[in-house]
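In structure tokens, the next block holds one chain alone, the form predicted on its own.
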């Protein structure tokens, strides 16, 4: 039995049999809710009041001001006010669920409903591991995290900015990141949102990969659009959102709020503000292209009132996460939130407690799309190699948890009771032998050995064990095959755009 168990563990980390199949997560459990119907309505009405009376500041993007004016909003300078009827007319045009293409069709995502999508950490400028500590991220690190994502069965999407590769110029690094996602993984990926032109590059590369008609029918790119809280959107985000919406691609509309600094200190006010900002962005996408796939997003931490640092895994964060999911369901929209958050610099006890305190409510709330599900450290400043592995262990536990309790006839084990009888153990029963490989979640990193065995084998803690696991995963990595003609066309486009950027030329249409 132990030999088979070890083989199963090797398979899960992508060993001799290649890349493990992605394990979909469909949540069969009741969702946890912290608001009653009156509470949801109270937050909704407060949001409508904010949008109508306080308004949203639109920075340096006249096309958005004109779009809102054209569709009935009040616009004065860079301020936009919108009433409930106008706003909801457009919000209601967003789909409740949608699909996102992946290069491997079996990895194409269904976003919404009871589906939970786990995606890796997004955006850190630094990386860290046990051997070298904290350092600036490079393109090689980006490639490593893309490979680890491909090798992890509990990560359903390739994500976006796995790290910010500091050794590549800012103006062109999005090209290298997109190319890495497309060639090193066969999972659905996220596009660039650092400028409208970069969003266009993302769409063009998706067209090269899938075909223009295919991505018009089913989006292949997902962009993360952040409000510049409080109550503000800028030209960079609105420009990228416009590109994606007009191209029929998907967007996560996410206010980025540290409560107490970027919103009031009370959760009611913070939730009303978050809701107003998310709905404003969703409304804009629908004004541009009715039916644009969107995800109602929430990134919400609270400030430490003594130090000013963001806090994760707090009771307030958890309550807000649950409430955000309820609001998204109220508007019949997919929901993005949560992850494996921590303020800790290394994957220590603090990291474990804070991450678990975020991940459990993430799943129990019914979150549909989870960024930062693996690798997050130091409040999002670090992509951690060992943390990535340890977080993936927790994702596997969540995948088992959401299946709930099976109540089929065989699950009651009547033959085992008949065979074993009172006073004896079930270890060797026929029923146990039929189910021992699948009955319980098999840990890949966490150790269940007793102290003596652990001491005998070198007293290896989870940090050291995870260090060995990610290194072995990279050794075992196998690149998913890609059509050579498609790869050639992608490389040609990247070099074409790189030359334009370096020459300071405006973006031109891709002749390919």
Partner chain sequence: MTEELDLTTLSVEELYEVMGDDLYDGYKEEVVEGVKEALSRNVAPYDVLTSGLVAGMEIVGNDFRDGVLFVPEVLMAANAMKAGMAVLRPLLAETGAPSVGKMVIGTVKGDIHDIGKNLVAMMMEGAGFDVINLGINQSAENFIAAVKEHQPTFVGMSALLTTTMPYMKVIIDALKEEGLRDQVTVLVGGAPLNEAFAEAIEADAYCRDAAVAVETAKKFAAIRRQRAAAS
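What you see is a predicted model, and the numbers here were worked out from it, not measured in a lab. Positions refer to the first chain, counted from 1.
Quick note: we don't show the form predicted together with the partner chain, though the next part is all about it.
J.: Just to confirm the contact call: exactly one of 146-154, 241-249, 164-172, 283-291 touches the partner chain in the model of the complex at a 4.5 Å heavy atom cutoff, so which is it?
T.: Correct option: 164-172.
J.: Mark residue 423 yes when one of its heavy atoms lies within 4.5 Å of a heavy atom of the partner chain in the model of the complex, and no otherwise.
T.: Because no heavy atom of residue 423 falls inside 4.5 Å of the partner chain in the model of the complex, the answer is no.
J.: Is residue 264 close enough to touch the partner chain in the model of the complex, meaning at least one heavy atom pair within 4.5 Å?
T.: So residue 264 does not count as contacting the partner chain.
J.: Is there a heavy atom of residue 228 no more than 4.5 Å from a heavy atom of the partner chain in the model of the complex?
T.: Because a heavy atom of residue 228 falls inside 4.5 Å of the partner chain in the model of the complex, the answer is yes.
J.: At the 4.5 Å heavy atom threshold, is residue 125 in contact with the partner chain in the model of the complex?
T.: Contact with the partner chain, yes.
J.: Could you check which residue among 75, 180, 346, 258 gets a heavy atom within 4.5 Å of the partner chain in the model of the complex?
T.: When the partner chain is considered in the model of the complex, the option within 4.5 Å is 258.
J.: What is the one choice in 26, 59, 486, 468 with a heavy atom within 4.5 Å of the partner chain in the model of the complex?
T.: It is 59.
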